[in-house]
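A single chain comes next, written as structure tokens; it is the form predicted on its own.
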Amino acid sequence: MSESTAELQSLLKRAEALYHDMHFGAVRAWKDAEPGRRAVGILPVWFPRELIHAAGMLPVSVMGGGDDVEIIKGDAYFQSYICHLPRSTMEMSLNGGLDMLDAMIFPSICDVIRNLSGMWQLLFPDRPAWYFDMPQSSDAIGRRFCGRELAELRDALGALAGSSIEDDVLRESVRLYNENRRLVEALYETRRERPWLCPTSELYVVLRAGNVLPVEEHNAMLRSYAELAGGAERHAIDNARVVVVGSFCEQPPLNLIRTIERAGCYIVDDDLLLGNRLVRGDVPDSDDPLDTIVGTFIDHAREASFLYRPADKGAELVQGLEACRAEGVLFCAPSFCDPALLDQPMLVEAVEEAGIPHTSFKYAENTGQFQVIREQAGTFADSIKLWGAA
């Protein structure tokens, strides 16, 4: 094994260990390194982490327990006909897995997240919790609404940290997260062009590491992975190029991603961990960084099921499929995910009009059996390669 291969394997081993660590050891170590440090949890999908960073606190993305948490207590708090994410989050909360978080932010993704925020406030009244209402219009009213919401949260985060968030500090945080977004997008571009060098099962755990690491450290990891993966001795095989759609909130198990790859698919685009990439491009430097964050979100957010778009639902998806030369679409959504499943018929219609093959299946974050999905994805990939249509 070459030295660079060993370095790549070491980096991936660390990233996967962070993925599986439901005790959030990295966050606890960061807090222990300097007494008085605080960490703020963020539920999926999006919140400007720059605000938390500028307050001197660590933003921690809480993505549920995946298949590493057995749900016992959490099932008592939510009905069975909703997604799995709130139950595993509640399980970790009740078992002390999230006790290193000093506050929580719940973005307005759906009613489930709203209910989870209320449950958190009832069970943990000593830890602040805020519900972040994202605007659903891009006009002046939506901008004012979003600006007001973030201004209130800026003040609340500053109060938690013990000092106000100054504009010059916020601009520096924006700079660091701009770099993070550029590094992530560069890796996505590498995967689009040469997916054998940057398989999604690797890229995913490297991105997940950013959920718990300081942005400075995660940027260094992204740069290292880009260099090591780009120089790896890997060869292309005749896999089908597919795009995964519908997994923006509750995340699929890592082994489900591996299953899709082993079934003969290159995942060349996805909406996994969308919070890392929801906003396209940089947040520009300005005298009013909060206003610029709002404007960039309003004007440059990607199409997503939790954001209202009045027309051409699916047009952006089709454009993306063409840009990455996808040969098919895997509609891969969590069971009972209302935003994803309500949008899916419109997205399917757009994909069919474009003449692009597709198939669909559902999952839960703790899915343990993948044989049926592997057979379905494998058959789909074979049909693309053999007949050019599914």
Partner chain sequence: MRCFVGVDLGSTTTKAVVLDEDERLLGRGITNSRSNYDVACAVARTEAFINARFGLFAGRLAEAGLEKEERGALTEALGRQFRREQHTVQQRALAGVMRGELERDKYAAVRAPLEERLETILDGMNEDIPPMFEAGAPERSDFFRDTATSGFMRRAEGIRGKQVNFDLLMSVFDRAILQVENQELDLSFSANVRPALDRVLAGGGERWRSKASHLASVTDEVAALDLDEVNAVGTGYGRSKLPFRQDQIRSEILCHGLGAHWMFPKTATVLDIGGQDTKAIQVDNAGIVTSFQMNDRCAAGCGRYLGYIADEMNLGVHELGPLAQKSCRNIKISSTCTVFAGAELRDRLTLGDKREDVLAGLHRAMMLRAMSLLARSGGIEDEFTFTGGVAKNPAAVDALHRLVDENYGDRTINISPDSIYTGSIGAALFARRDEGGAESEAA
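Positions refer to the first chain, counted from 1. Note that the structure is predicted; figures quoted are calculated from it, not measured.
Just so you know, the form predicted together with its partner chain exists too; it's not on screen, but the next bit is about it.
Note on the interface: of 28 to 36, 47 to 55, 321 to 329, 65 to 73, the segment with non-hydrogen atoms within 4.5 angstroms of its partner chain in the predicted complex is 65 to 73. At a distance threshold of 4.5 angstroms between non-hydrogen atoms, Q79 is in contact with its partner chain in the predicted complex. Within 4.5 Å of any heavy atom of its partner chain in the predicted complex lies no heavy atom of Q376. If you take 328 to 364 and check each residue for a heavy atom within 4.5 Å of its partner chain in the predicted complex, you get nothing at all.
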